[in-house]
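Single chain ahead, written as structure tokens, the form predicted alone.
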């Protein structure tokens, strides 16, 4: 089976030759080609080169587009900060006060270097892999983009106490999301991975999520031409899964390293994909033996789950993770061939 056939098999509930696996190695590609991160996150050719190297050495069944959400905020004027060991982050929000976002309008993708980079990276990967490996685009949820533009406090204040302004901002964020999802699909993405940050009961109540966050997500997701995978965004997934499990076009969920697969399955039902829960950001602290054992334990637990993908949860796999550790995860997966 090709990677695409393997992923499609678990998508439809058929039996693959072995369980598929996906590690968030968007950052790690820079290490494999020794590229400076400032260049890697600006040059689509470099990014594609890094991911081709990821495929050659690790052979994951899903390749990720740049996990660089801050580039979407940059398109609206955010100032970014580049780290020596991570993707760019927002240093300064473009709007000092929520009211400044009243005139928010989506920028043209082709004329914004960061947005064009995100799409062109996918197109180059699609040209290389020719459908043999599924490509996952990565986008900011439309309910989370305003937090990167005005700060989390400003956005929460707007969402809770200025409904008219919040509606205006969400309408623009939805247009941005729909345009980017369409552009990534046209470039060759097979699905869109979306970390959910604000749909978090530790930040807002379930009532606020149901009233003010789920409806705009539903409107945006209904306009997506390809399936969506919701990512736990660094938060425990169990509290919000019941609230978002029925959103349109959502095909699966990435749960956190501390979440229970069995509990997640009981919430989302038998047909949706569940991905995770290797703790990606701490893989650099594990020996290859420990990583392989952890992967094997997860695989054994999900042996009878036809809609499961072993994946790294949380953020990118760190740059200093030994390649041998990643290969140990792959070996564990390959050791489960035909095991279902």
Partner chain sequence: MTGEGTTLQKLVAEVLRRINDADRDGASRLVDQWAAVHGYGDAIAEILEPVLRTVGDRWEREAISLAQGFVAGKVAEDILNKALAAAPKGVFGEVKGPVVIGNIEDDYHSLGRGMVGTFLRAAGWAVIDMGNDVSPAEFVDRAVETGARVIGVSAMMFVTARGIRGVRDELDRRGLSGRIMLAVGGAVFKVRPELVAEVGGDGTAGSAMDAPVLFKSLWERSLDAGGEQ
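Numbering follows the first chain given and starts at 1. Just so it is clear, the structure is predicted and the values come from calculations on it, not from any experiment.
We do not show the form predicted in complex with its partner chain, though everything after this point is about it.
- Only one of 74, 157, 120, 175 lies close to its partner chain in the model of the complex, with a heavy atom inside 4.5 Å, and it is 157.
- Of the candidates 218, 108, 102, 89, 89 is the one whose heavy atoms come within 4.5 Å of its partner chain in the model of the complex; the others do not.
- The putative spot formed by 153, 201 and 285 is fully lined by its partner chain in the model of the complex; each residue has a non-hydrogen atom within 4.5 angstroms of it.
- Its partner chain is not drawn, but in the model of the complex it has a heavy atom within 4.5 Å of residue 85.
- Under a 4.5 angstroms non-hydrogen atom cutoff, its partner chain in the model of the complex has residue 81 among its neighbouring residues.
- Taking the partner from elsewhere, residue 93 is found to have a heavy atom lying within 4.5 Å of its partner chain in the model of the complex.
- The stretch that touches its partner chain in the model of the complex, counting heavy atoms within 4.5 Å, is 157 to 165, out of 157 to 165, 180 to 188, 242 to 250, 263 to 271.
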